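Single chain ahead, written as structure tokens, the form predicted on its own.
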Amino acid sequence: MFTQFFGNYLLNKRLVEPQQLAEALSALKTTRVKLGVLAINAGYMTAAQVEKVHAEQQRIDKRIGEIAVDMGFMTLAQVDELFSSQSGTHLLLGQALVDRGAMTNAEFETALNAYKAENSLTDSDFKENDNAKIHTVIKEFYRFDGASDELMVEYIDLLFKNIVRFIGDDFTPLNCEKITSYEYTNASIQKINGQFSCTSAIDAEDAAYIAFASRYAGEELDAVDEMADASAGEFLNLHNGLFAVNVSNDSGVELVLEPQNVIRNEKQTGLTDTYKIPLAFPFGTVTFILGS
């Protein structure tokens, strides 16, 4: 999940363009992390050393690992370790950006190290998804200011995990906004009652709504219709149901879900303690609304 927030960091720092990030996220499943990126991330080589190895590779017919060892930048044991290690999604993202010319190895190295330092993260945190650190990052990113801060963080944490599980990991959280009104386009809405009483919604323009619903349904939908509404609503209901179970198990608090409703081209006003939480996918932006 840290990878998704790292993508937002790159956007906010204007290190990549939104389209470049979207294209890189789309390519994650077909991207293979190269030794240079792995070495930079492990601290075995600097970006400048990797560039020297790449330049030497243009001159002689040897693998990059052999050249790095010959030039004294790494040991053979370190090369073997990197080839046998499992790459985190953040490295796949970095490789995809480098492959497309959106960033250089040096720029990626600097950005990743800065992001880790700002959030007190290690490389293992990216792989292990430690809940405590995830919650800290979510709190710092969204800065909810209501009485239900912890439950809001729990909700977002589970939401992102369910999106990764059922929709895909190729999304970037955009900066959220506290709102008093919102104009829905295509939305599935569900009310949660209990100690954590709130309204939750998924909303998107036509193309993004259809694409999101198609991914959850596991089949290509081609219109904003009952099938798309049912799929989007089912995802929301599944997520809210899992959230209610977790809250009950963790704190003994019972939450009750109302049936989902569909709203089309409707503006709501007078909202309180409500947040607009947009997520950018390669197919468009999907906005989650959460609040009173």
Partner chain sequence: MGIENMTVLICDDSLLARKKLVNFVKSLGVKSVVEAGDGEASISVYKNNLPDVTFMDIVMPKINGVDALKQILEINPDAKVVMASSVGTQANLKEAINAGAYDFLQKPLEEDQVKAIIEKLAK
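Keep in mind that what you see is a predicted model, and the values were worked out from it rather than measured. Positions refer to the first chain, counted from 1.
The form predicted in complex with the partner chain is left out here; the points below concern that form.
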(request) Determine which one of 28 to 36, 246 to 254, 46 to 54, 65 to 73 lies within 4.5 Å of the partner chain in the model of the complex, judging by heavy atom distances; exactly one does. (result) 246 to 254
(message) With the distance limit set at 4.5 angstroms and only heavy atoms considered, check whether R165, E219 and G241 all reach the partner chain in the model of the complex.
(response) yes
(message) in the model of the complex, does N41 come within 4.5 Å of the partner chain, counting heavy atoms only?
(response) no
(request) Report yes if any heavy atom of V262 sits within 4.5 Å of a heavy atom of the partner chain in the model of the complex; otherwise report no. (result) no
(message) Contact with the partner chain in the model of the complex for E258, defined as at least one heavy atom pair within 4.5 Å: yes or no?
(response) yes
(request) Flag D61 as yes or no: does it have a non-hydrogen atom within 4.5 angstroms of any non-hydrogen atom of the partner chain in the model of the complex? (result) no
(message) Under a 4.5 angstroms heavy atom criterion, identify the one residue in N119, T185, Q78, Q190 near the partner chain in the model of the complex.
(response) Q190
(message) Within 4.5 Å of the partner chain in the model of the complex, counting any non-hydrogen atom, which residues from 206 to 233 show up?
(response) Y216, A217, E219, E226, M227, A230, S231
